[in-house]
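Shown here is one chain on its own, the form predicted alone, set out as structure tokens.
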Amino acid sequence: MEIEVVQSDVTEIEVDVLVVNLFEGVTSPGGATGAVDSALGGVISELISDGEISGSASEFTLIHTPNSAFPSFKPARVLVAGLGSSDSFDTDVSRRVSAAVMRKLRTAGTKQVATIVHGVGIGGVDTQQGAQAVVEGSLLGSYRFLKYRTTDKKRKPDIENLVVVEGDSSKLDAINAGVSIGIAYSEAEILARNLVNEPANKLSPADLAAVAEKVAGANGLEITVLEQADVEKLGMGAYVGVSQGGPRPLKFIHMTYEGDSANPENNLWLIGKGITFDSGGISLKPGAGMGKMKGDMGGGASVVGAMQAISQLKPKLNVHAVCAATDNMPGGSAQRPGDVVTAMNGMTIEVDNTDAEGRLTLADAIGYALSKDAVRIVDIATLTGAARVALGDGVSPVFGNDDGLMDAVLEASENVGEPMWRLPLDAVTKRQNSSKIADLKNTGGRGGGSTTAAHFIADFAGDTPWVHIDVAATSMLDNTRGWMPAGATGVPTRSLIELAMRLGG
């Protein structure tokens, strides 16, 4: 979808559909909606009076405007989108409405759409943020993964052009900025979605590394990909142990953006779990639903996607992305329950369950980051089924050891509409990771599963400011929800970008 910003009277924009809006309770529309109403002889006001249009959330009314009836009105049709109450309006509402509008108009075979920025008037939304939200909702809500769908002849094509129209020249700079940011954020999250949606036979650790190299090359990023001999030399026994059960070679990916090269200590490390397929290893998962384990590299996908946008938006911050990519397979050489491995930092780990593999790879990825003088670390992982039990699939649990970094992560997630909730790291659950034969074991039992997993990772982060985001439940959905589709959501890619922009502002 091509997106452009145009200064124009909304009645003079030549498109298939013009999208305007209405808040609940408004009986006499103003602004752009009022201009359309006036040009159409009061038809919107009449529909409001008749009760056909109420402005309730996600109510859509399509009005045909034939040139023979309205010769001076250029849009072929008008869609009035209900925004609900102005008191509860925010950018999330704008994203949801924009996503639903795009899907509705695509179903109608629409090619060219123009829209105003929702909620800038009585909705109280900042113009730039409003424009960003409209673009994100439109692009992310239009997303479909159709790469392997070859026989669907009745499928409607995507909308080709979206015009953000504004008559007030004083708002154009803010709108253009918001549109540019919205495109960068959305394209990054779409990249992450595409990676997670790829079947495991199409996305090996080497394939994931190749995508990261392509992103780095296109955006001026530095990249290093370590092979097995390299990580063995560094002492990454926990990571290597996970990889040894499958035939596909591991790839340790390190991407670097230097936005403040004069101050190397001004850095943020984004560490993503990169299990390109998780069978559970010797502790084999149940067969039902195992196909979704192609998405166990969702954390890695999010950091690769985030780096694409970060390199384009250029915060004054040095950002590193790390993904220790591998499969977790039950081959004859796979590690066994009861094995003991040694991590890069020298800590020994009893492998109580080979399906608790993600935290093993993260342990060595964090060890690597600390060896490179990491100052702030955020790790992202589809780590525990217990995350879904705790908070469902609408909120990602987060844990951390630093209130300042935690607050920054939570504020970023709230701003982009990717909800997170902080859970505690208490002394009782920490004891569940105790081992009788090693420094710790990689599971703490059923109780508090997300928390014991976070405690495990915390032991490797040490005193370095660190936050852990568990996206096991939010990385993939069974049904479309707002701008998030069924399948991969890309969460929390936009949160990571927003975090980097705030820290580097």
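Remember, it's a predicted structure, so these values are computed and weren't measured experimentally. When you see a residue number, it is the position in the sequence shown, counting from 1.
Keep in mind that the form predicted in complex with a small molecule is missing from the display, and what follows is about it.
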task: Specify the contacting stretch among 406-414, 178-186, 272-280, 202-210, defined as having any heavy atom within 4.5 Å of the small molecule in the model of the complex.
output: 272-280
query: Among Met293, Val80, Ile159, Leu139, which has any heavy atom within 4.5 Å of the small molecule in the model of the complex?
result: Met293
- request: Only one of Thr382, Gln308, Ser98, Thr115 comes within 4.5 Å of the small molecule in the model of the complex by heavy atoms, so just point that one out.
  value: Thr382
- prompt: Hey, in the model of the complex, does Arg193 get a heavy atom within 4.5 angstroms of the small molecule?
  reply: no
message: Since only the chain is shown here, I'm wondering whether Ser435 would be in contact with the small molecule in the model of the complex (any heavy atom pair within 4.5 Å).
response: no
field: Ala472 within 4.5 Å of the small molecule in the model of the complex, heavy atoms
entry: yes
field: Exercise: Arg144 in contact with the small molecule in the model of the complex, heavy atom 4.5 Å
entry: no
